[in-house]
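Single chain ahead, by itself, as structure tokens, in the form predicted on its own.
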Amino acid sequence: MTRSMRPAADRAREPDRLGHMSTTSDSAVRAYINVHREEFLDDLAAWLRIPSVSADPERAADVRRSAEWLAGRLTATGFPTAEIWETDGAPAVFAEWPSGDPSAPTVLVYGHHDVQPAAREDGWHTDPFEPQTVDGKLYARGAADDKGQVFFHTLGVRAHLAATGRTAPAVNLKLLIEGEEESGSPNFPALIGKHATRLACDAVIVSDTGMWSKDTPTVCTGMRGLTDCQIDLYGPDQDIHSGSFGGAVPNPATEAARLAAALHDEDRRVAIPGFYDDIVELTDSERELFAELPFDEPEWLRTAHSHAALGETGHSTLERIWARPTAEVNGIGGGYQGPGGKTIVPSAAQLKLSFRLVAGQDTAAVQQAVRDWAAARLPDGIRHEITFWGATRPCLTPLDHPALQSVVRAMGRAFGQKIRFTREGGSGPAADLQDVLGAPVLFLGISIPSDGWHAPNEKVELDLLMKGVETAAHLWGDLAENWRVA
């Protein structure tokens, strides 16, 4: 589909094709949210009490109960379609609310309803599945990751309707809330492939991310991809005497160490031939936007439990973790590991590697480059096997994309200040949506680093949660007004 843009002055006054004014009033949105805030939080607390831990087979019934609860709540919100979608693992939830406007864009919101394991003895101050509100913070497993950030869309769409007088959203709104994200989304690619026609959309909104800080609201514009592997090296058919044979036959532990040492050059660039082919380089303007963030490197190092920053020459720390590809040695081993010495040439060794990828890199091409690199460096007498455990593709949204600009404007109205830009150094299932659906991926999250995802005492800041509600309330009208079918 192609989109057309209209002057802002005209958009502010122009009704949509159904005769409704889509531009939402800030005061009307806030008034609606304030009236329904406690009801919304009560419902969220009820959902948080369901221990939907996808990694625990004994919680499978709870994960299903979570999906059923959400489907019922989406129906009560007004979605005419709310369904449980089965997978070979945990169920997902799909909901749809057509706009009724043939020119409206279609937007798919992604999130997940499963949560990480949690128990009081892990260090929680309270029962992790009995929500507690203290000093404006809601503590519970899933409060931020990701039930709270999924659920703010329910009040957001209701506030959007109330403030505009519409009976349906200004966009064709779809939700896909999976049940296995915390277990690596093993069935997610198959799920979206099976339902690709029903999931078809013009943009994907991922509400499973966060902001820089409470005082610096940001929009994420990309996530790195990931592929990881194990290289098994085999030398002698058994451990052999290092005095009788050492120095005269290849040692697989030595070759594992040589491979690890050869992974980077003197500038700490990845030294695998072809690794950087076709990557999308940072622009000067993107570097300037990163530099606007109030980055405190000593504080970051404390968070990293590390003592110095180190990485690819010529790039800042934020550039290294957000916008540059990396290779890491995750583990290396082989030979004798017990107390004292044992003078052997070991028969086998292992090297575990992971590669974070950026836009432009193809995971299959990177995997082949790693295979070729290892084969070229290993001597005769060393057999090797490389096992890759799958791959997640990178995703990147151009800063000038009209849908991204709508997210920025909606957040700006909610927060009342300039919205800055970040990326994520990690990886997630967003790229699967981008690849299968052919739609840009946008990130809308209000969580902050102190929310403690995956940690004891996970929480969400209630004021920020309401800002998420407010952003969602403004977003659908802004998208409809600024990004219509030509």
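Numbers follow the displayed sequence, beginning with 1. In this text, all values refer to a predicted model and were calculated from it rather than measured experimentally.
Another form exists, predicted in complex with another copy of the chain; not displayed. Remarks below refer to it.
This chain is displayed without another copy of the chain, yet in the model of the complex the stretch 236 to 244 from 78 to 86, 135 to 143, 236 to 244, 410 to 418 comes within 4.5 Å of it by heavy atoms. When another copy of the chain is considered in the model of the complex, Gln337 lines it closely, a heavy atom lying within 4.5 Å. Contact check for Gly360: no non-hydrogen atom falls within 4.5 Å of another copy of the chain in the model of the complex.
Shown alone here, Glu96 lies farther than 4.5 Å from another copy of the chain in the model of the complex, counting heavy atoms only. Although the partner is absent from this view, Ala119 stays clear of another copy of the chain in the model of the complex, with no non-hydrogen atom inside 4.5 angstroms.
Contact annotation: of the candidates Gln368, Thr167, Thr343, Ser285, the single residue with a non-hydrogen atom within 4.5 angstroms of another copy of the chain in the model of the complex is Thr343. Of the residues given (Thr216, Gln405, Gln350, Ser183), Gln350 alone sits with a heavy atom within 4.5 Å of another copy of the chain in the model of the complex.
Taken together, the three residues Pro102, Val109 and Asn172 lack any non-hydrogen atom within 4.5 angstroms of another copy of the chain in the model of the complex. In the model of the complex, another copy of the chain lies within 4.5 angstroms of at least one heavy atom of each of the following residues of 253 to 292: Ala253, Thr254, Glu255, Ala257, Arg258, Ala260, Ala261, His264, Asp265, Glu266, Arg268, in sequence order.
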